[in-house]
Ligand code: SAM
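The chain below stands alone and is given as structure tokens, in the form predicted on its own.
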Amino acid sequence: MMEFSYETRISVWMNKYHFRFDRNLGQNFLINEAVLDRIVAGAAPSKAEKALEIGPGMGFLTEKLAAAFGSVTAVELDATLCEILTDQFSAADNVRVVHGDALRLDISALASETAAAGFPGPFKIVANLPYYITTPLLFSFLERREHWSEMVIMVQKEVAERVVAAPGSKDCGVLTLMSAFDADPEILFTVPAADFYPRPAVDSAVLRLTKREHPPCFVADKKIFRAVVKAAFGQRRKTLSNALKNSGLFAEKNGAAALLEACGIDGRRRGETLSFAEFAALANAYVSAADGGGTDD
């Protein structure tokens, strides 16, 4: 257990390093130790594995990760927080602090460096993600799936609900479908705003995304699948037929209608009502037609 509370440590380090919270960076530090322990436990860590943490703040979660994983890479954008972290973990030979923008992160280079240090496997991404970049970060990690095996991440509760949303739900969208393509997502638990300092305006939730070897059903081309999904949700209030027709995916005027008919999908439906399998069928039929097979294949 800690000798001093997290609040006390924040106050001391704010004075020592002249740190001030930057609202533009969404800096809200988790100060409930029981929740920190539950996050780490959710990743089922081992000393043979390596963790990647985004937005470590003052290192409260980083401490837990360092005790549980063989290697921890902590990526922090704020220069003052990097100074605090570097001083705090100067004696820890399994923690590396990286000053940088997570959205521009060269995860491939980090993976190679940690592999050279004796940790060749993929990262487990364990983090309290900065809320202002949560969605683009998730998409970025999903695109670089070869470098991680699992994500245990704290996000805004509403984002977590979008990730795990069921077809027909108002929360179902592009993030839902693309998360399901690469991972099996689940909400582990929720975290109230009172567990943070400073206190945010919203509650949070901890998500676990376990990487899939294959999507839930056959998809011929991931890029086409993503394009069809994005088109379907590009104009959420429009019917599927109109959304696809106006997406720019079809050269022929009746291309969208023909594709929907070939797949047996009612064009009057809206994107959020379709299942993953139905989106896969649309994408696969589109690929088949583009290859010269026609929409009847």
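What you see is a predicted model; the values in this text were computed from it and never measured. Start at 1 and count along the sequence shown; that's the residue number.
Heads up, the form predicted together with the named molecule isn't pictured, but that's what we're talking about next.
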Please identify the residue among Ala227, Leu110, Ile133, Val164 with any heavy atom within 4.5 Å of the named molecule in the predicted complex.
Ile133
Which residue, Gly26, Gly267, Gly255, Gly234, has a heavy atom that falls within 4.5 Å of the named molecule in the predicted complex?
Gly26
Interface membership of Leu30, the named molecule in the predicted complex, 4.5 Å heavy atom rule:
yes
Answer yes if any heavy atom of Pro56 is within 4.5 Å of a heavy atom of the named molecule in the predicted complex; otherwise answer no.
yes
How about Glu146: is it within 4.5 Å of the named molecule in the predicted complex, going by heavy atoms?
no
4.5 Å heavy atom contact, Asn128 to the named molecule in the predicted complex:
yes
At 4.5 Å between heavy atoms, only one of the stretches 211-219, 138-146, 171-179, 77-85 reaches the named molecule in the predicted complex; which one is it?
77-85
